[in-house]
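Just one chain follows, in the form predicted on its own, and it is written as structure tokens.
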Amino acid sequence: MIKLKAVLALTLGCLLTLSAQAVEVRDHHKEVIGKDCKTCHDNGIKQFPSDQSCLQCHDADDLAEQTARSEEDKWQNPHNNLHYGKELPCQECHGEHQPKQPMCNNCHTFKFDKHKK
């Protein structure tokens, strides 16, 4: 009976591992990285990518310019804001495999209409 439980546990573990590897990747990233997870996961497959990994392809200044708001709302820019400037870690708002809400939504109610989760 103990051996049967061990075999079942190992089988279940293997199935979970396989399903974890079959993750969804956004179309715009598929074109660039293909199926090489290590392109982004520079800290290991089970860890979030570092900001340096994101910044290999995305320029922080360009992002800040693209998401700039009116002069009145200028500090509502998610890529250059009052609290963190341009230093907010990418993973606080963006998730490749699972959608995330912008960190600002924890306290603020303004909207980021073009947010890519």
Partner chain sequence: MSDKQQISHRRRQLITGGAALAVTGLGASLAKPVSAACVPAEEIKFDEVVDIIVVGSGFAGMSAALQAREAGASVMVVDKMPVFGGNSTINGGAMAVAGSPLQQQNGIEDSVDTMVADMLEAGRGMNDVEMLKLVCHGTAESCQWLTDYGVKWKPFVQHFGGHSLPRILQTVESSGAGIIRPLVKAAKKRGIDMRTQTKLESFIKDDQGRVTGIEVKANYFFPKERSGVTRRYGARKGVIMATGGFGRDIEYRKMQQPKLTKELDSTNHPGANADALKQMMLIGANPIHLDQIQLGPWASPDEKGFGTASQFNTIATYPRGIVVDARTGKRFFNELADRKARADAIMTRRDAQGQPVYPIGFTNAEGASKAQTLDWGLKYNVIKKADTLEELAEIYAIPADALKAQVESWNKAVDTGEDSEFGRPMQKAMKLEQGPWYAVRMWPKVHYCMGGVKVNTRSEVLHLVSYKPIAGLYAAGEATGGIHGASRLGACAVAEGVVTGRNAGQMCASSKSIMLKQV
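The structure presented is a predicted model; accordingly, all values stated were derived computationally and were not measured. Residue numbers count along the first chain shown, from 1.
There is another form of this protein, the form predicted together with the partner chain, and it is not shown here; the text below is about that form.
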Would you check, heavy atoms only and a 4.5 Å threshold, whether L88 touches the partner chain in the predicted complex? yes
Find out whether any non-hydrogen atom of N77 is located within 4.5 angstroms of the partner chain in the predicted complex, and reply yes or no. no
Would V25 count as a contact of the partner chain in the predicted complex, using a 4.5 angstroms cut-off between non-hydrogen atoms? no
My question is simply whether Q52 lines the interface with the partner chain in the predicted complex - judged by any non-hydrogen atom within 4.5 Å. yes
Answer option from T39, Q56, N43, Q66, heavy atom within 4.5 Å of the partner chain in the predicted complex: N43
Residues from 57-74 in contact with the partner chain (non-hydrogen atom within 4.5 Å) in the predicted complex: A60, E72, D73
